[in-house]
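Taking the form predicted on its own, here's one chain by itself in structure tokens.
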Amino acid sequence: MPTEAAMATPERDPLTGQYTTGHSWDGIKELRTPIPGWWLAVWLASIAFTLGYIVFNPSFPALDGTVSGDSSRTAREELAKAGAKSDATKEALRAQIAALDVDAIAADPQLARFAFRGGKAAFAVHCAGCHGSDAGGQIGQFPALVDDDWLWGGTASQIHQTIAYGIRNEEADSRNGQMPAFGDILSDREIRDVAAYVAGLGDAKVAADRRAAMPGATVFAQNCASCHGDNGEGNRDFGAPRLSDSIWLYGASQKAIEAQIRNPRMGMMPAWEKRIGADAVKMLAIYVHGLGGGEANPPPPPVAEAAIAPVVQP
């Protein structure tokens, strides 16, 4: 241990140039190194900031809440103000959606974004149970909504009508396409032949002349072409599906096609407008249309030249 005299006389460490405290342990001397000035300044500034925060802002808990401070500003009040502002914006957008049709909504970028997000929430609650959370559908039960195969059309307005009034339900404006049970009309041989023909409509490997020579071609022309089209292109006026692509709801095998011809399965969809309201149906239509399979609105019909009023020069 250092002597009393040694401790009274300041000692400078020859290596660092700092004074020692006079303490020594096993030959190791303690230096009297001062605190860096920048660190001390930061520490004092932190204390000053803390005191200022306590004075001007809510800080310590009290019996009736918190010490409010001179500014009387709270995060809860700011959140309430932000929420009120957001609600006002939403109400204004909802009012516009209520006043416009889906085509006008889709043409407005701000309204379209708002409707898409609202439709996404509505879809998760009301539609995902059947069509899937990704709108991919369920094979054998519910159609996919992300492809470009539409029974009654895939424009925003056509999708809106389908959602609003549903399919094959009690509503007067419901989509209503019916297919007869050909098991009571055709023989088993004819059903097998026409099923083979239908299976070949979407097969690029089957040449057109070879397909036309198939026994089922005549059966198809006599019984199916009036709804599904001469080449299986479908007819949206009747909700008759296209048969010349590779999209099948109830299966593409020979057996599955025969079963559908013999005793067709026809799905039903409720009318959603009365259930969730007209505004929610519009937002659903915008969302479904924006999933990737929606179609552009058809161009307006050309105006006859005679119908164009002549321009009168002043």
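Residue numbers run from 1 along the displayed sequence. From a predicted model like this one, the values you see are computed outputs, not experimental measurements.
Same protein, other form: the form predicted in complex with a small molecule, not shown, and the subject of what follows.
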May I ask you to state whether P264 is within 4.5 Å of the small molecule in the predicted complex, using heavy atom distances?
yes
Under a 4.5 Å heavy atom criterion, is S174 part of the interface with the small molecule in the predicted complex?
no
Whether I247 contacts the small molecule in the predicted complex should be assessed with a 4.5 Å heavy atom distance threshold; does it?
yes
Answer yes if any heavy atom of R211 is within 4.5 Å of a heavy atom of the small molecule in the predicted complex; otherwise answer no.
no
I need the one stretch from 22-30, 39-47, 52-60, 266-274 whose residues put non-hydrogen atoms within 4.5 angstroms of the small molecule in the predicted complex.
266-274
Of the options M179, A217, A112, L93, which one has a non-hydrogen atom that comes within 4.5 Å of the small molecule in the predicted complex?
M179
From the list S187, N231, T89, S226, which entry has a heavy atom within 4.5 Å of the small molecule in the predicted complex?
S226
